[in-house]
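Below you'll find only one chain, the form predicted alone, shown as structure tokens.
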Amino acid sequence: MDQHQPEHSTAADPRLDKLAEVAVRVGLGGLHPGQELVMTASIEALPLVRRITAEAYKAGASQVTTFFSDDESTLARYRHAPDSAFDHAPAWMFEALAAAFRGGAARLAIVGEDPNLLAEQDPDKVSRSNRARSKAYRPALELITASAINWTLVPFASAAWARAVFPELPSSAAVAKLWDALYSSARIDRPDPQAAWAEHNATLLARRAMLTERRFRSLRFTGPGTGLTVGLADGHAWMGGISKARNGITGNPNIPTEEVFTTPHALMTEGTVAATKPLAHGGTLIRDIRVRFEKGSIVEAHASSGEAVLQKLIGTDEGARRLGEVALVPHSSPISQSGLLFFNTLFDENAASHIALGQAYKKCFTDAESMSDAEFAERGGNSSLIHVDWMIGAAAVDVDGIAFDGSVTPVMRQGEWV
């Protein structure tokens, strides 16, 4: 814990128990009797880890295993490890994760990392480390993106994250204020959080059903610095809110979430787009992203800061320059209306419509369960070692749906659903 933040200020808050319940009952959708759960978290998130562990066992888990990370240990690697170390990742650990998922284990990640952790480190080392990790993680990640298992992400207000969001406040006050914002966005402050999530999921289901029925050929985004047409994959389906995994469990992969999303066609994005929020990636803040697409691929990319990291990111592989997701989020979403910049993709992507570079979701097709990898690629699904979301929506951004016959349907105006 941060030395200025008494542990009881977090650990004794009854809302933490509710967050653990939502994480297991809503996020994971519960657990099959005897199902294992694999968690990842920072050591600072131990109070929440313990509560989720207890809640998982109450839900029937046979074993809960947590992999912990530590910021100081991460920095020690960048300060002292030999250069060759950054082309290495612990393949044995990722192989174990993939084996666990193939065996039916559920996955839960607690997020809340320091967005500035690696800001002073060599961008080349950061990029190489991320690439090595992504390559090693690929077999496990494919099981997650294919919804083979139930999985979810939930937040923890770390001291470093709180200082980034509220730099003007003392550490303890910043942590308390960030927790209030996290609990509100995750609907933990409602009288019955699980009922509130059921109501919210019904709204998202209605939106995604409407968009799937429309079968737009593409979406057009128009706003300051943005004139972008995103082609949609053949036979795409919209997702968002609750999602049914192939193991039969229905849960919310993200806590919180405000988006509905689908798979773009990897070869059919054209135009320019300007990010409306910074991207926190790999411990670096990338600000004011501006890119130009031709035939689905980024041919020009700039940023006012963090551009070296951006260039390394899109150079990961061929698919890293193409889109794997497009998502619509109203400007009136609770996260947007908080007025906060969270410097965390889980939250900032739910404040604005966004796109993601890299790997597409196979589940975002009307016949996903029967579709082969070859069909996925033929119909426009993108493949990559990465999947990185960044925000392009705002109150000044309009979205139109373009049909196969060229007719145009307003979808969002000034950031709101039409």
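Numbers for residues come from their place in the sequence shown, where the first is 1. What you see is a predicted model; the values in this text were computed from it and never measured.
There is also a form predicted together with another copy of the chain; it is not shown, and the following applies to it.
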property	result
Contact residue in the model of the complex, chosen from Ala148, Leu340, Ala81, Leu285 - any heavy atom within 4.5 Å of another copy of the chain	Ala81
Listed residue that, although another copy of the chain is not shown, lies within 4.5 Å of it in the model of the complex (heavy atoms), from Ala356, Val38, Ile386, Ala368	Val38
is_contact(Arg133, another copy of the chain) in the model of the complex, heavy atom dist at most 4.5 Å	yes
4.5 Å heavy atom contact, Ser304 and another copy of the chain in the model of the complex	no
Asn350, heavy atom within 4.5 angstroms of another copy of the chain in the model of the complex	no
Exercise: Lys58 in contact with another copy of the chain in the model of the complex, heavy atom 4.5 Å	yes
Heavy atom contact within 4.5 Å of another copy of the chain in the model of the complex, the stretch among 171-179, 209-217, 309-317, 87-95	87-95
Residues in 60-78 close to another copy of the chain in the model of the complex, defined by a heavy atom within 4.5 Å, in order	Gly60, Ala61, Ser62, Gln63, Thr65, Thr66, Phe67, Phe68, Asp70, Glu72, Ser73, Ala76, Arg77
